[in-house]
Every structure is written in C-alpha cells, then in structure tokens.
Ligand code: NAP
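To begin, one chain is listed below as structure tokens, in the form predicted alone.
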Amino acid sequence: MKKTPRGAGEGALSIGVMGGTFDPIHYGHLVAAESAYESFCLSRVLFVPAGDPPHKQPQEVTAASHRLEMTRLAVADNPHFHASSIEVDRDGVSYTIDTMRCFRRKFGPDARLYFITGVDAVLQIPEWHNAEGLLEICSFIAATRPGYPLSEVIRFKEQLPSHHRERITVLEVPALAISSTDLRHRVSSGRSIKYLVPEPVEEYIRREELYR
C-alpha cells in the first residue's frame, strides 16, 4: 500500500508536471515520471512540451507540433500520464511560472503541485524566470541523473532560504543515461534508437524524417 506523503491531506489532489523540450521524449523521462507518480502518490502526471523554450534558439528546436505528438504517443498507454498542449498553444516564450500559475487556477488552491525535472535543471533554478515566485507556487521533484552527485544538490539547498529548502526533494530513479541530444545525433548518423524511446515515438521519427 502506498504511503501518503507528509503534508498531503486525505483525498488531496496531487499533480505532477513534467516540463521539457521533449526533442524527443525518451524512456528516461518516462521512468522519472513513473517513479515520481508512485513515490509521491500523485493523482496524475502532466507532460508539458515547451512551446518556445527561452534557453534555446528557435532553429535549434524541432517544431512544437512534432514534439507534442511524440509526447502524446509516448504516454498513450499509461492511464495516469497525460500530454498537455498548454505551452504549445500559448503565444510567446514558455516560462514555467506562467504554466504553473495556470495549473494552480485550474486545480485550485488546495491541490499540491509538483514540478518534475532532473537534478541538473534544479541546480539552475536561480536563473529561471521569477524563481522566487515559482518556489512559492509548487514543489520540485529532482530526479537523479548520471554524472550529478547528490552532494551538489545538498549544497545547493543549503544556500536557499529555509522556507524554500523543503520545496525541493531529491528522487532517486534507475540510472538511464539517455539524452535527447544523443538521440538526435544517433538518428542523424543513421544509428538505432530502439529501446531508448517508445516504439510509437521511434516510428513517428522515422515517418516524419526528423533529425536527419
């Protein structure tokens, strides 16, 4: 039987939000999301492909329509995973705080919101747009990744104000050294990506001739 996370009221709605470029989405994303779903007793996990990522040049990113469709294909067989087009549909740069504000309005003030990302991204939180406001809106689930020791996260949390430290929880997940960058390079060089992405995503990449 799952344990209710500390601080979650009985029957409280707990929403996990996994944001990212998803160019393409891969099993590393899915494993982290499933681990968060189980460990934090989440009601559901929403996968949110970035529409216009502020940290990347437009020419570096595959069209949002393709990334959204690959995300939908990847989560289609999991009843507690859902793809959201909230950032793809929004005009302008995709800032996480705008997305989380929308989900706060949608799910209400009592819902617990968790933003799921890798520890490498969490270490960059101070550079995010309105990081202070974001830490007030939601908690962060920092999924471990190969090459990023937990000691770095611990030191980072110690530098935060005390009321923000509890907003970040490290979640150890099975080590999958998969990156979207490597997957794009594999496709462009004619190498296989089988067993690194869901089969429907692999077929979509091949059919649409992405990353070539």
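The first residue of the shown sequence is 1; numbering continues from there. Please read all numbers here as calculations on a predicted model, not as lab measurements.
The next section is about a form of this same protein that is not shown, the form predicted in complex with the named molecule.
*Asks:* Quick one: does Arg155 come within 4.5 Å of the named molecule in the predicted complex, counting heavy atoms only?
*Replies:* Arg155: no, not in contact with the named molecule in the predicted complex.
*Asks:* Find out whether any non-hydrogen atom of His129 is located within 4.5 angstroms of the named molecule in the predicted complex, and reply yes or no.
*Replies:* Yes, contact at 4.5 Å.
*Asks:* State yes or no: in the predicted complex, is some non-hydrogen atom of Phe107 no more than 4.5 angstroms from a non-hydrogen atom of the named molecule?
*Replies:* Output for Phe107 is no: heavy atoms all beyond 4.5 Å of the named molecule.
*Asks:* Arg145 near the named molecule in the predicted complex, any heavy atom under 4.5 Å?
*Replies:* Contact check for Arg145: yes, within 4.5 Å of the named molecule in the predicted complex.
*Asks:* Using heavy atoms and a 4.5 Å cut-off, decide whether Gly16, Thr71 and Ile86 all contact the named molecule in the predicted complex.
*Replies:* No residue of the spot touches the named molecule in the predicted complex.
*Asks:* Though the partner is not shown here, which residues of 76-100 have a heavy atom within 4.5 Å of the named molecule in the predicted complex?
*Replies:* Residues within 4.5 Å: Glu87, Ser94, Tyr95, Thr96.
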